[in-house]
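Just the one chain here, the form predicted on its own, laid out as structure tokens.
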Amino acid sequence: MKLFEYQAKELFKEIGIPVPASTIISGVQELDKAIAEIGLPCVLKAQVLQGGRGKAGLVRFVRTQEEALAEGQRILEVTGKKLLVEAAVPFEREMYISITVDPFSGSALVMACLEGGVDIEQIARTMPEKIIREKVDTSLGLMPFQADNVMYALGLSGTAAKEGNKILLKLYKLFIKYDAELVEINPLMILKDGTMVAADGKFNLDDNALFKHPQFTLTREHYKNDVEFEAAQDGIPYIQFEGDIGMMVAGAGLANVVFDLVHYYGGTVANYLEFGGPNYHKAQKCMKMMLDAKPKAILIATFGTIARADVMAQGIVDAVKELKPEIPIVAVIRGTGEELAQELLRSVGLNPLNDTEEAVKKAIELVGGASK
């Protein structure tokens, strides 16, 4: 689960990491009061779960009431989300700092760079040597000497090194306390006197640990559309794309293969829904979600072992009878009970296939052929 910036900063304040004065609003009618509270100049920030907000025009520095009103109204109309009104901070340098999980060692991984800001991804690609890395044994925790190592490797000294050390240690405490997958401050602003202020924040929680943190709940605001939100509430992994073919696939590995095959043969994917694991009894609900997204065809691909092919096929049959889809459905149902599964699919007019590549090609043909 990703937290919004204002939520991340609430956690920063909770543990003593300095953040700019700010207030959150839901509509332009609240902007005058917010500016009176925060003052001018200030920064208006769309509360959306996406990177590159600055380049997308969703973060604006404003100097006057008129400018604030015009930009605030524009951002709110574009996003339909909350808006963070935040005090502007005069700074000398920008720094990047984060803690995540190293996938190879299982350790926590601290990353820091004195080239913070909107182009940190470009720096990671072109000048990776500028990013300082420090692995942390989570059974021991982040040691003060390790935090010092990071600051000195960055070239900081004096007050800035001491402040960076304290902020990094506090950030690690949050990382552990809230079972985070990622905590990030970008930029961490270094002021003229060497003190620091977290001007932005990312905080990703492990979904499997959310039961331990009931103060955080997934809401409609966390999703791009109603279908994604509905799927999340039912525990069904779902991703929306912009193509033609809806993919109901059992298993992430098979889904990756099918996705690649669709693109390899010139097709495009409209959406993907995980039809395997605990969801193979939810065929009707899954198909309704697929239809609500309005793809041109649905491609169902499964390989049932524990999740039986015949059970999945019966769910598909029931869904077809109930929902009466008007778009073509291509199905390749393999695995335990596949003979019965194929009989069931034929009973509602579906022609089950035995080869996944053949099914992909058929789906592409049905939506009008390969894209140019």
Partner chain sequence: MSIIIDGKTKVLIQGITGKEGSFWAKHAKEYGTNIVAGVTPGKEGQEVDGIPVYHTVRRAAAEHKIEASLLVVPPRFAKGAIFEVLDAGIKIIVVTAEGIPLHEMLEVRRVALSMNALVIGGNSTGIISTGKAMMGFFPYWLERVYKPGRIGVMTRSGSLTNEVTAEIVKAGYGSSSVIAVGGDPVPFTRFVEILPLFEKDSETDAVVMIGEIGGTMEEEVAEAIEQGIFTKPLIGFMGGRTAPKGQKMGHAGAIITAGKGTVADKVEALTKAGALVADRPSMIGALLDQALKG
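Residue numbers count along the first chain shown, from 1. Fair warning: this is a prediction, and the values are worked out from it, not measured in the lab. So that the term is clear: the rigid core is the largest set of C-alpha atoms that superpose within 1.5 Å between two forms.
Separately, the form predicted together with its partner chain exists; it is not shown, and the next lines address it.
Every residue in 6, 10 and 327 with a non-hydrogen atom within 4.5 Å of its partner chain in the model of the complex?
The answer is no; none of 6, 10 and 327 reaches its partner chain.
Quick one: from 218, 78, 127, 143, grab the residue that has a heavy atom within 4.5 Å of its partner chain in the model of the complex.
Selected residue: 143.
Quick one: of 286, 110, 83, 250, which gets a non-hydrogen atom within 4.5 angstroms of its partner chain in the model of the complex?
So the residue touching its partner chain in the model of the complex, by this definition, is 250.
Sort through 233-241, 289-297, 86-94, 189-197 and report the only stretch with a non-hydrogen atom within 4.5 Å of its partner chain in the model of the complex.
Result for this chain: 233-241.
Does its partner chain come within 4.5 Å of any heavy atom of residue 227 in the model of the complex?
No, residue 227 stays farther than 4.5 Å from its partner chain in the model of the complex.
Is it the case that residue 14, even though its partner is missing from this view, gets within 4.5 Å of its partner chain in the model of the complex, heavy atoms only?
Although its partner chain is absent here, residue 14 would stay clear of it in the model of the complex, with no heavy atoms inside 4.5 Å.
Is it the case that residue 180, even though its partner is missing from this view, gets within 4.5 Å of its partner chain in the model of the complex, heavy atoms only?
Yes - in the model of the complex, heavy atoms of residue 180 and its partner chain come within 4.5 Å of each other.
Please check if residue 338 has a heavy atom lying within 4.5 Å of any heavy atom of its partner chain in the model of the complex.
Heavy-atom contact with its partner chain at 4.5 Å: present for residue 338.
Go through 207-227 residue by residue and record those having a heavy atom within 4.5 Å of its partner chain in the model of the complex; state none if no residue qualifies.
Stretch hits, in order: 207, 208, 209, 211, 212, 224.
After superposing the rigid core, is the C-alpha displacement of residue 79 2 Å or more between the shown form and the other one?
Where the cores coincide, residue 79 shows only a C-alpha shift between the shown form and the other one that is less than 2 Å.
Residue 269: CA shift of at least 2 Å between the shown form and the other one after core fit?
After core superposition, the displacement of the residue 269 C-alpha between the shown form and the other one reaches the 2 Å mark, so yes.
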